[in-house]
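Presented below, as structure tokens, is a lone chain in the form predicted alone.
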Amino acid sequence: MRAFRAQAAAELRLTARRGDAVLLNLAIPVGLLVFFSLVDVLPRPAHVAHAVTFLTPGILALAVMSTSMVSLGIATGFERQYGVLKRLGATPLGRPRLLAAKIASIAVIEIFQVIVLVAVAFAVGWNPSGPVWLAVPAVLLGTAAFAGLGLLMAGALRAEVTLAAANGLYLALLLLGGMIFPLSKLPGGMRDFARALPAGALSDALHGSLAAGGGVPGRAWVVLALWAVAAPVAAARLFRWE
């Protein structure tokens, strides 16, 4: 356990020292939440009175995607290319505990993100309601799905390609994920496609669990569960350590 704790702490320190990770994991979500809550220019469902009510669940989904997919994928990809993973995997730490340490560091970062984002949301007028407890399994499933996608890219592509692919996918899912504007505003075929993606499903689940009179659609649970299983399995089968 000592080696695991040391590696998890090292992962956290390395993430905190990377300016791009701090920007992606915290600064961008907080900035989007504050700006578009105060500057009410984005479309939202007719029954939602305040912008922050719609934005907060979507920004929480964005934070999960940023940490679990983009930050993890890019960092792991460069560690793999530079031979860091190979060396660490050959130490007494071992590969299973190395991956467990990475997962633990993601969990700690996401807890910190949620605390900060919820505090900021309350400060700009958020008043959550609905079956709030359902947000917990939604975030867990979303984390598994996005971490699987991040590790799939990191373990199968060159680091530079992983960097480009992760950022491109981040932008595409930001636009198609219902995070800053409702999925209902998309054209019919594009809307159905978006709801079949992990970002759309996580956004639907968080909006349903944090909204008054809301409920998580069964479709969102199915899609999240499928991605939470399929992406990590694909990553495990295709991941190359060197």
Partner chain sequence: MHRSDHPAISVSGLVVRYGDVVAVDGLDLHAEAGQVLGLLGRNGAGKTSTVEALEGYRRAAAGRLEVLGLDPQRPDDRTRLARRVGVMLQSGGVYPAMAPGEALRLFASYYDDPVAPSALLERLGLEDVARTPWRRLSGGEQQRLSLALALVGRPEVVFLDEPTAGVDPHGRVAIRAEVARLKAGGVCVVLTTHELEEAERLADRIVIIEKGSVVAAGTPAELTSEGGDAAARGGTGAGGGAGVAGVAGMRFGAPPGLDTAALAAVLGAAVEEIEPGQYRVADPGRPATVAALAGWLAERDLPLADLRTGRERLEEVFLRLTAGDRGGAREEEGR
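Numbering follows the first chain given and starts at 1. Here the structure is a predicted model, which is why all the values come from computation and not from measurement.
The protein also exists as the form predicted in complex with the partner chain; that form is not presented, and the subsequent description refers to it.
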Interface check vs the partner chain in the model of the complex: of Ala144, Leu157, Leu88, Val124, the one with a heavy atom inside 4.5 Å is Leu88
Is Gly83 near the partner chain? Define near as a heavy atom within 4.5 Å, in the model of the complex. yes
Is Arg219 close to the partner chain in the model of the complex, meaning a heavy atom pair under 4.5 Å apart or at it? no
Does the partner chain get within 4.5 angstroms of any non-hydrogen atom of Ala236 in the model of the complex? no
According to a 4.5 angstroms non-hydrogen atom cut-off, is Val229 in contact with the partner chain in the model of the complex? no
Taking the partner as it appears in the model of the complex, which of 126-134, 167-175, 148-156, 75-83 has residues with heavy atoms within 4.5 Å of the partner chain? 75-83
Using a 4.5 Å heavy atom cut-off, are Gly31, Val39 and Val118 all in contact with the partner chain in the model of the complex? no
Need the contact residues for 99-114: heavy atom within 4.5 Å of the partner chain in the model of the complex, sequence order, or none if there are none. none
